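First come two forms of one protein chain, each written alone as structure tokens, so that there is a structure 1 and a structure 2.
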Structure 1
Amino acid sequence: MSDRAKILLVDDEPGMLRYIRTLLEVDNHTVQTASTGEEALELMQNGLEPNLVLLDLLMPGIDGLETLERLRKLQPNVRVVMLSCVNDTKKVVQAIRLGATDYITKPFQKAELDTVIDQCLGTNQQNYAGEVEDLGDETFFVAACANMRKLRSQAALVAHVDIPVLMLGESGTGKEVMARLIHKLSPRAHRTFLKVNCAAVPADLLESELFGYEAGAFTGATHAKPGKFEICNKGTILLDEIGEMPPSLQAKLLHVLQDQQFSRLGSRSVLKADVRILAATNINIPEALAAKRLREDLYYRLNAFTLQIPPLRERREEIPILLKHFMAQLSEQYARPPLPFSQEMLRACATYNWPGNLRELGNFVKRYLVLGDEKLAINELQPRTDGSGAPFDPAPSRNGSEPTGGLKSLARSAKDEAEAEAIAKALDETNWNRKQAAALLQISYKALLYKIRQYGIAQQNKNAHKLSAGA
């Protein structure tokens, strides 16, 4: 149980006020009550500084959401827990966006209230033990700065509300990791989590991949096959690189989201889709909407809640912790003793721009661990002679080609540099229209996506727009 706290309780129902007040006073909390939002605001304007506000969502006069917004303007750090009803999902989501710390659904038992208060005020504040969380399957989630902790707590709250969540952020910032975190913290945690990479599967196969098919549905369909939506029943699907999904399929997906129903290709029977949909993309959304590459109606369905994951250069304070984390994880994986990070190395890492974000940092640690050459590692991070910084990471890709060929093959080769530069230029010229860039470079679209990833080429200052409220 947390220590005695000063709690402001706001609810328009006198019975509810009495009930909750009693529950709180049993634990020696000091309780101040208000029966309208206006009254609560007045109390705080007059100097009341509660450790916690318990705030009803539905009230006559200014409602819970508006009260929340105004309370947080008055005292930006005040912790607010919303008291909601079962059907208030939309409002709960809005409250999370507006910065509510948590919510609790009425009617509730004392134990539930105690847990929420403990998490808000007690030692359990971050709701998880440390900075590194093990998500299973060798995936870890590190949140070691205020911004990431805030995203983590939003993810934890939204995990319990069965709505789509859209993850935005540059390549390598951790969109997939965030999706896995949401799944793990959701009631679906013990069911399947599947990722479908909409860019990696050819357009005509993607539909059958997602929805499955009956025998004879198309040439070559010799036997029936269930799609990911069926396999993932009661679980979570991550639609990765959603911006690359063909618009016709986007329309079909929208129907599935609306009706929670779908059919296998070539079948008339309707199947129920009980699947939580998460989506991720690193495209520039306003541009994709304008160019009609991303359907607006689908976008508004998917972004019921948006998590904008910041690039690593905007959360540099995490770099030392991430270096240590990757070193510990990789040294275990490769059964090699972990290597130390010298002050010089830490300084170089702290100032480097990490255009490939956490993926690039992970690959950097991997190379350092395998080669054991600190000088070479530091050298990699130095600005190049053309003064542009090191805008790409010619690291072995995440697809697993492990560094085995010794120094020569691992060092940045002239060919890699030239290729990455040509790609960056083509992307620049086409305003990051990857289909056009591929045509310009005379390589396939898929090859281009692969190379962008391999070299960690990032879109500079392009997708810096913030769509997520509060994130």
Structure 2
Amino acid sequence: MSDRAKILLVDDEPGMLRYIRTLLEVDNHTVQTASTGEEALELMQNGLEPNLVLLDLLMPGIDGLETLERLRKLQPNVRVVMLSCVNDTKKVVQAIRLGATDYITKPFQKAELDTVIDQCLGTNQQNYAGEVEDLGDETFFVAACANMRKLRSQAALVAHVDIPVLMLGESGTGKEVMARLIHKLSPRAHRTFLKVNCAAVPADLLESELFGYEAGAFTGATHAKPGKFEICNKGTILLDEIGEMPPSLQAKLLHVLQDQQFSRLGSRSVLKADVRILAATNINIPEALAAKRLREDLYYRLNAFTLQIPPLRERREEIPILLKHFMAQLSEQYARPPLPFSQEMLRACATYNWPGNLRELGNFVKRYLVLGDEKLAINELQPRTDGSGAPFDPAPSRNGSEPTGGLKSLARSAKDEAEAEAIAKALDETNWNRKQAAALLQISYKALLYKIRQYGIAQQNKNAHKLSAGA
């Protein structure tokens, strides 16, 4: 249980006000009460600085949401827990967006209230501050900075509200990790979690993959097969790279979100879909909507709640923790003794921008573990003479005293530059449609995505691409 705290309790029901006050005073908390939002605001304007506010959602006059918004303006750092006798999804989501720390449904037992107060004010509030939270399947979550702690708190709240969640962020930032965290914290945690990469499955197969098919639905369909939505019944499904889903299939997904119903290919029977849908993408949403690559109605349906995952360069505090955990995980996986991280290497990792984010960091640790060469690893993170930090070497000086690396080094550098130019040209010609560019280059879609990251090719404008550090 947390130490004694100063708590402002706001509720318009006298009986509930007395009941909650008694529960709080049993634990020696100092309790100030208010029966309206206006009264609560007046108390805080007159100098009251509570550690925690317990705020009823439905009240006469200004309701709990408006009171919450005004309280946060008066004291931005105050923690607010919403109290509600109904589990109104829209209001809960709005409260989270306005900055509520948690919510609790009335009536509740003392143990439930104690848990919420501990999480807000007690020792439990730091449970995940910099600690590794194991999510299974070699996945883990770290919250060592303010942004990630806030995201973790929002994920915990939205996990209990059965609405779609859209996760945005650069490639490799950990959108799937966030999806697994939401699933783990939700009432569906004991059910199936499935991930479907919409970009990795060909468009003509994605529909049957998601919704299943009956025998004879198409050539080669010799027997019926359930889709991911059936397999994941009562569980959680992550639609990764949702922006790459064909618009025609987006319409069918919209129907599932609206009516919780779908049909297998080749079937007239309607099946019920009891599935929590999470979606993730790294595309530019306004551009995708303008280009009609993402349906506007689907976006607003998925956008019930959005989590923006920051890139690793904006949460550098986590890098030492991530390095150590990746090393522990990979050394066990490859049956090798873990290698230490010197102060020089930690400094190099802390200053590097990690354009590939967590994925690049994990691969870096893997290479260091396998090769065992600290100098080589540190050198990999140093900026190059072209100012971009590109992984390939520039053409060496013929007059310098440093060794040139010979013909092999020159050939490798020339090959990398030519390949990067060919990829940039193909992307220009297809207006950055990566599927068409992959077909034009005669490589797989996944290979193209990897090489875009490897060479750091960025869509700066129609005719200009920048080569920067890659994974």
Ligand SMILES: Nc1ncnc2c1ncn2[C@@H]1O[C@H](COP(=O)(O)OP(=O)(O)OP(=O)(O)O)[C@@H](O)[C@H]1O
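The structure presented is a predicted model; accordingly, all values stated were derived computationally and were not measured. Numbering for residues begins at 1 and runs along the sequence of structure 1. Each form is matched to the other, and the largest set of C-alpha atoms that superpose within 1.5 Å is called the rigid core.
As summarised for this chain, the second structure is the form predicted on its own, and the first is not. In the core-superposed comparison between the two structures, Leu55 has its Cα shifted by less than 2 Å. After superposing the rigid core, the Cα of Ser444 is displaced by 2 Å or more between the two structures. With the core superposed, Leu43 shows a C-alpha displacement below 2 Å between the two structures.
Superposed on the core, the two forms differ at Ile423, whose C-alpha moves 3.4 Å between the two structures.
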